[in-house]
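Below sits a lone chain in structure tokens, taken as the form predicted alone.
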């Protein structure tokens, strides 16, 4: 007959493990991700930015104007191309769940189907979904804390870094099987995005693409990352970089700013 030995675990160790698990469970991960995702938007915002695309087949640069309105649960976004001349006037707008494109060459408005959310926006490495924010990482995913540690960020000082695994909810209309989100908190508990790794499937070891945030600067009274860089590990040397030149928060916008007339 087999004999079994009872394992005695010190009460202090059990209490320590329980406290650690409780602390991890109580961390407001969803709130932090929401803050990090909207750090460049606020309730409403207006921005002038540049986009630089480098691919093996071509290189492009765009100047963009972007308006956002996140006061309701379903956000509104308008992206209008200011240059170069070949692309000037092209626009993309999102109102509720409807996304439309405007081509000034034929004055035509095209409504985007859900199958186009994953398509590249204007030949960049960013998708329509990335820029229109149809997928809400704070709402469509569940969260698991993977790591936390103290560190330093230039322009802020001492921060606490968090690495969080996002797994899609069973019925969520999302494209990625897993997202690993790195963010950090400053001394006032403000959340800043650092890096996102996107995986096609939950068990993939290699990310399909990586989005990083950098170049912290003061804009309209807030310290924000002003550069976003999207890389694809499978395509070395390729990238798309977005750089914020001007940014204003809490601007006055109305439904007319996102209507078909605003596209023209």
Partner chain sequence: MNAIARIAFRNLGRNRRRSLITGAGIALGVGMCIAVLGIMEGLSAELINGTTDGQLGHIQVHHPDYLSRRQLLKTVQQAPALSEKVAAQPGIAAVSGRLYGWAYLSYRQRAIGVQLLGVDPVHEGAVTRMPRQIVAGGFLPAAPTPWPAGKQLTEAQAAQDRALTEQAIASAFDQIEQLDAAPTAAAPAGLAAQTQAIVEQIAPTPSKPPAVVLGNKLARNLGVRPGDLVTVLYENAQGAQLSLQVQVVGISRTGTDLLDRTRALLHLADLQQMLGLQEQVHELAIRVQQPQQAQALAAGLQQVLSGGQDLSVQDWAALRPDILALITSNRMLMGSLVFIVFLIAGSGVLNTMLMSVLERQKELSMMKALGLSAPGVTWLVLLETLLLTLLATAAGLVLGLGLILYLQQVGWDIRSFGEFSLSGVEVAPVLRAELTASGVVIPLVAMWLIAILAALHPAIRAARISPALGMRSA
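Predicted model only: the values in this text are computed from it and were never measured. Positions refer to the first chain, counted from 1.
What comes next is about the form predicted together with the partner chain, which does not appear here.
J.: Could you check which residue among 155, 84, 151, 118 gets a heavy atom within 4.5 Å of the partner chain in the model of the complex?
T.: The option sitting close enough to the partner is 84.
J.: If the cut-off is 4.5 angstroms on heavy atoms, which of these, 47, 29, 51, 211, is the one near the partner chain in the model of the complex?
T.: When the partner chain is considered in the model of the complex, the option within 4.5 Å is 47.
J.: Taking the shortest heavy atom distance, is residue 126 within 4.5 Å of the partner chain in the model of the complex?
T.: Residue-level check for residue 126: no, no contact with the partner chain.
J.: Within a 4.5 Å heavy atom cut-off, is residue 204 in contact with the partner chain in the model of the complex?
T.: Flag for residue 204 set to no.
J.: Looking at the partner-bound form in the model of the complex, is residue 232 within 4.5 Å of the partner chain by any heavy atom?
T.: Answer no; every heavy atom of residue 232 is more than 4.5 Å from the partner chain in the model of the complex.
J.: Do residue 105 and the partner chain share at least one heavy atom pair within 4.5 Å in the model of the complex?
T.: Looking in the model of the complex, residue contacts with the partner chain include residue 105, since a heavy atom lies within 4.5 Å.
J.: If contact means any heavy atom within 4.5 Å, which of 136-144, 185-193, 97-105, 170-178 contacts the partner chain in the model of the complex?
T.: Only one stretch qualifies here: 97-105.
J.: Verify the flagged residues 217, 224 and 240 against the partner chain in the model of the complex: is each one within 4.5 Å by a non-hydrogen atom?
T.: None of them does, since no heavy atom lies within 4.5 Å of the partner.
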